[in-house]
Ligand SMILES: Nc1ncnc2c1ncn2[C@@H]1O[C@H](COP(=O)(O)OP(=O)(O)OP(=O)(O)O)[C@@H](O)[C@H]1O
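In the form predicted alone, a lone chain appears below as structure tokens.
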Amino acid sequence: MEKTKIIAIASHKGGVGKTTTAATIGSLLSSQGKKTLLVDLDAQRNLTSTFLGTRFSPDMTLYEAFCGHCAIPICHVRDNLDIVPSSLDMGALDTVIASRIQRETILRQLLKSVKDEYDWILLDCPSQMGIITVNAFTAATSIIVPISCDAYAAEGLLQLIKMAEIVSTGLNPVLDIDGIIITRFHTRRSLDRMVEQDLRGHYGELVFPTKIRENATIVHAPIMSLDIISYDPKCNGARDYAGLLKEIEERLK
């Protein structure tokens, strides 16, 4: 098996499509026969709900694994797709592990025993740039950053880049930011075109050519506890993410 790609999907802002990106890319990869593991690092547990349902209540979640009570818990979703579920307790994790030795490397150690079983591992990060995100950056081989087209689109991006540089210097020398995804794009809205132009002007080829257009399926699919590929594989969002995945795979070769 080729070396496992571990991708942290991160942004300093909420509502930019981190979970949608993780869920859709994960679904596409698994449908292509690539063994994929999704890791829900967010206390809102939206990725967990998308694949396991809102009423699913596992005995062990990523929180218990971080606390040392169990190995990393993996739930099977379907062929080639597994998930590590999150819980609301993740919101208190910064405080709980504050005094732990090497607390920045807990996730990397948890993944060590299972990563060789997967082609791709996607880490759905919380919006806060705290110890959980540091763990994700320490474990990852690359970072992908979704950014929505609003007036404050790039707000926090410099902070994320600075954190990535700190982690790559001290904890994870292979880490790099491999791309910025423009999400929730309205083709007819002038603000969106201005934001796109600004992002491409500042970050050049780091911004993926494919944009993720805003469409109702992206909103409706999670309500049905489905990723958008399973909900409507022909919608604009599904087609956009399929194009994006080709670009991601080419960039990470």
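One-based numbering along the sequence shown. Small disclaimer: the values here were computed from a predicted structure and weren't measured.
Omitted here: the form predicted together with the named molecule. The next part is about that form.
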Given 36-44, 187-195, 202-210, 52-60, the stretch touching the named molecule in the predicted complex at heavy atoms within 4.5 Å is 36-44
Triple contact flag Gly17, Ser127 and Glu214 to the named molecule in the predicted complex, non-hydrogen atom at 4.5 angstroms
yes
Close approach of Met224 to the named molecule in the predicted complex, 4.5 Å, heavy atom: no
Please tell me whether any heavy atom belonging to Val219 falls inside 4.5 Å of a heavy atom of the named molecule, as the geometry stands in the predicted complex. yes
Contact check, 69-104 vs the named molecule in the predicted complex, heavy atom within 4.5 Å, ordered by sequence, gives none
